[in-house]
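In the block that follows, a single chain appears as structure tokens, in the form predicted on its own.
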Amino acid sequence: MKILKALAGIFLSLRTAVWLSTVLIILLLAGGFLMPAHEEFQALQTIPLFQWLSETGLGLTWWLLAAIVVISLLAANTLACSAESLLRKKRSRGWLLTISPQLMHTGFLFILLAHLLSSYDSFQGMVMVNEGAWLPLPNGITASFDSIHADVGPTGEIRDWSASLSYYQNEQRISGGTIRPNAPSFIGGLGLYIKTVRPGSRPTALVQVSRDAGAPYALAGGILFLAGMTILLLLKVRRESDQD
């Protein structure tokens, strides 16, 4: 029983969060010195984190593994503190003041969940495609690049570009769309992003194909965090106005 109380005291302590954050910063600083010196880290841009960890030696991954453990403890500390705060202040009249920090904590946890899902299930690849090319996608759908357009200025610079797509499955067209810079197309959990084009008699486009299972949770986390921060700011402004 004493051990459980001691563990509860540790996870309910703000000091624990401070120490864990300090250790995490130290680990990330160590990684910042290691990553530029080893080309193995370049593969992290194209394969999921946990797949890379399983294929890479402990000599390069020790700080990342330790950081994952620390982040997991920090998430547990955040969850415990939020639950304890809500239970302790459930009868408080200042409901918004009580709930706004918990919204920020929940947003933080959602962002951590998003990174966890992305580390397990993500995909990213680059490919050059010609106008009229057919590109088989990892989800069993084929993308047809019907046209590639480049808006070329009077001095030869490319001012804008786009590509028109058609999607086929089992030899039947299921949908279509147009991709532009900052305006990707999504199909079957995959996103297609056009990076640049090379105009000519047969235009060519550099296309990124990616899948990120954690993206919706990262968006939800960002919204919750922003909502909590906005409520706190408004409450502070109102309190200062009342004092004046």
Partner chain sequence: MIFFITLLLVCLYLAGGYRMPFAYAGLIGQAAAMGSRGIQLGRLPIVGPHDTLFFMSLSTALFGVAVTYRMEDRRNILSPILILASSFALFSLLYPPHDTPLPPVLRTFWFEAHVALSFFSYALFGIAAVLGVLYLMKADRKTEVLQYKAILVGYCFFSAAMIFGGIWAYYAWGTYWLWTPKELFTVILWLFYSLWLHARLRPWWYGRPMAILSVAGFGIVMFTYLGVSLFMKSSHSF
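Nothing here was measured: the structure is a model prediction, and the numbers come from that model. Numbering follows the first chain given and starts at 1.
Although it is not shown, the form predicted together with the partner chain is what the next lines describe.
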Contact assignment for the partner chain in the model of the complex, among N139, Q169, T98, Q124, heavy atom within 4.5 Å: Q124
Non-hydrogen atom contact R198 with the partner chain in the model of the complex at 4.5 angstroms: no
Any non-hydrogen atom of G31 within 4.5 angstroms of the partner chain in the model of the complex: yes
Non-hydrogen atom contact R173 with the partner chain in the model of the complex at 4.5 angstroms: no
Interface membership of Q208, the partner chain in the model of the complex, 4.5 Å heavy atom rule: yes
Those residues of 171-190 which, in the model of the complex, come within 4.5 Å of the partner chain by heavy atom: P181, N182, A183, P184, F186
